[in-house]
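This text opens with one protein chain seen in two forms, each one given by itself as structure tokens under the names structure 1 and structure 2.
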Structure 1
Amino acid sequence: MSQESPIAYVVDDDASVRKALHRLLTAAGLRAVAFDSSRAFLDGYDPAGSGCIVLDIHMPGLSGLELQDVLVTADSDLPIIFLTGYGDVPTSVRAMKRGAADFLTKPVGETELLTAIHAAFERNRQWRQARAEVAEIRRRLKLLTPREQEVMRHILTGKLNKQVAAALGTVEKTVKVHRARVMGKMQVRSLAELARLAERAGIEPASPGE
């Protein structure tokens, strides 16, 4: 297994459950790390790493739902698969509304759990890829000068160079130069591509009054 392989973090205060899950996951060829409490997990996991969490609901100290709240606040991208011996509907609804990947009732079948973990790994991979893409777009945006950013917001409205020049109080030739620099720094060849990147980064086109 590659050191870049995702990790399935098992968090359960029951030693027998913890050991059984760890054995199952490693036998299936997955990287697994087990913790006996939410606090131990918070102290020992890698926030920058990939994977998912297989999390018990009812634990002493910080419960599974409380740990979920902590991770949501921290903007963690690790999907959570909840395991519980109780499985009450209100708890499962709350967990899913807060973004849980799955909610399984103990004793869980091996195939069911492994399927849920692989789905969570894929969800995590997609989240991390999307974040990396947005970070790259923002890196490119930082290369733009304030004037180039202004020009970009105006051309995102579909204005012609002469219309942008009129709005900014400059000449068309200058806008053409800025536009070319914007396209180059953003590494795009068309306005449609630029618009897609701007949308992903949360950049709004210029308003009609600007």
Structure 2
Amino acid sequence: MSQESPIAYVVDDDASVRKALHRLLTAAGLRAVAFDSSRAFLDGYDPAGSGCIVLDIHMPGLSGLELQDVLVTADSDLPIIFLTGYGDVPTSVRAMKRGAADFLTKPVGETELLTAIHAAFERNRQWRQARAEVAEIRRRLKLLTPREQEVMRHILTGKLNKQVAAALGTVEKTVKVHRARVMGKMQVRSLAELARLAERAGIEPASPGE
């Protein structure tokens, strides 16, 4: 568990802004990394790391909004704080509707920015935690053989072993064995725990009929 501290990525094509922001964030005790373009950011950031992005809108190449689209599509969990000098209402609304954490206008107060960053860090932390839990569940799920997954899906509907057997065209004994292996591989000791994991990870139970 490498619990690295979150990084505040700064993406702005204006060197003086980058420098000022970097200095401000570093002085506040944050890890800050600056990029001069969306492309440079995409090439240099750590998709698995934690943190947030302080992003300018108007930039050559990929604009801030376009970078947001790329990250959303890529299912990134880095919150984006837009920071622009020429923001208009439609743009800010669009950005927020696509999940931006905040939308600030230059010049921005130190406190305002730092508050936004800390909030973004917190959002990122919670998101990552939720995602990690689901990822762990899915990791275990992959350990199950196809047959075991089928049995699990039927069990989650509340079927009895014999009913699962009938649905799968096998006998109760076999279901028992699969069931035991499912419980073992999913690392749960009760049906209640299994159902909870399944609910969290979005595992749909089999249709009652089939």
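All residue numbers here follow the sequence of structure 1, with the first residue given the number 1. These figures come from a predicted structure and were not determined experimentally. Note that the rigid core is defined as the largest set of C-alphas that superpose within 1.5 Å between two forms.
Participant: May I ask which of the two structures is the form predicted together with the DNA?
Facilitator: It is the second structure that is the form predicted together with the DNA.
Participant: Are residue 157 and residue 128 part of one rigid piece when the chain shifts between the two structures?
Facilitator: In the comparison between the two structures, where the chain splits into two rigid parts, residue 157 and residue 128 end up apart.
Participant: Based on C-alpha superposition, what is the hinge rotation angle of the smaller rigid part between the two structures, rounded to whole degrees?
Facilitator: From C-alpha superpositions, the smaller part turns by 17 degrees.
Participant: By how many angstrom is the Cα of residue 193 displaced between the two structures when the rigid core is overlaid?
Facilitator: That residue's C-alpha sits 4.0 Å away in the other form.
Participant: Could you tell me how many Å the Cα atom of residue 138 shifts between the two structures when the rigid core is held superposed?
Facilitator: Residue 138 C-alpha displacement between the two structures, core-aligned: 2.3 Å.
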